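Okay, so we've got a single protein chain in two different forms coming up as structure tokens, structure 1 first and structure 2 after it.
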Structure 1
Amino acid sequence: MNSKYPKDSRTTLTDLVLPSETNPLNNLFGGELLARMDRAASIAARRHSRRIVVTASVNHVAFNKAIPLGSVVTVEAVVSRAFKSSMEIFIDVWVEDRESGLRSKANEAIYTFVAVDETGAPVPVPPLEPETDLEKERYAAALRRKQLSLVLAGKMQPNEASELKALFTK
């Protein structure tokens, strides 16, 4: 199976925050943002794997900045690491200032998707070859996050988490 690059999966969704999508403070509902991120991540995972994909986990979400009614919101998703059948998707959320047009980072998230066949059984995905410094940083960190998740779930012994141990033995 040939390697793919993060740019092959890059997905950008841009939309407006409408009144029906806001809370009593007139900011975008967190759940609405999660759904937008899930859709963008799903497309990125499918572009990488060219298979049916399902959300396996939402590993990290940071609601750093409220997104007000009427804002233009851009969700950017890209595969940051491919494992056997799973893919980590890194998501950046940007909000555009209504007056200046300047974009600022509002939120970020990390989702995990699994490629499956028509019966729902996991299938292999292509390896990922990061190119930029940011892609390489996210690629390396993805393995540490996966090992931490496996240790916390009791699916890996702490002494087997080589990438995590390396953080503490330098």
Structure 2
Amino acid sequence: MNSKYPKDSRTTLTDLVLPSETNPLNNLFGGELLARMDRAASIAARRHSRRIVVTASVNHVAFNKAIPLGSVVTVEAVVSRAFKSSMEIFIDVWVEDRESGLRSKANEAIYTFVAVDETGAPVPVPPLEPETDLEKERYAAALRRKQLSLVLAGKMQPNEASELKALFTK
């Protein structure tokens, strides 16, 4: 299978925050943002694999900055590493200032998607070749995050997590 680049999967969703999507403080409801990120990430995973994809885990979410009603929110998702059937997706969330048009980073998240066939069985995905410094940095750390996610899910024994052990023994 030929390698693909992060730019092949990059997905950008831009939308407003409407009243029905806010909490009592008139900021975007966390679950609504999770859904937008899941949607963008699933498109990115599909663009990389060209297969049916399912969310396997949400590895990390940071709600760093509240997003007020009426904001223009951009969710950017990109595959940061591909393994056998799974893909790590990085998601950056930006909010646009109404007057200046400048964007500031509000949130970020990391999801894992798995490519599956029509019966739901995992299938192989193309390898990913990072190009920029940021892409290479995210690629390098992805195996550590995968092992952490598998250990927390009870799918890997801690003593098998070589990348995690290396953090403490280097």
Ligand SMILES: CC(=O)SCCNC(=O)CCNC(=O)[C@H](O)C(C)(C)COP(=O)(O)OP(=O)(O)OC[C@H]1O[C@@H](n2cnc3c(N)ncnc32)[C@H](O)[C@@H]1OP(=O)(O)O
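Take the two forms, find the largest set of C-alpha atoms that superpose within 1.5 Å, and that set is the rigid core. One-based numbering along structure 1's sequence throughout. If you're wondering where the values come from, they're calculated on a predicted model, not measured in any experiment.
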Original post:
Two forms of the same chain here; which is the form predicted alone?
Top reply: 1
**OP:** Using a superposition on the rigid core, decide whether the Cα position of residue 152 changes by 2 angstroms or more between the two structures.
**Re:** yes
Subject >> Core-aligned C-alpha movement of residue 162 between the two structures reaching 2 Å >> reply: yes
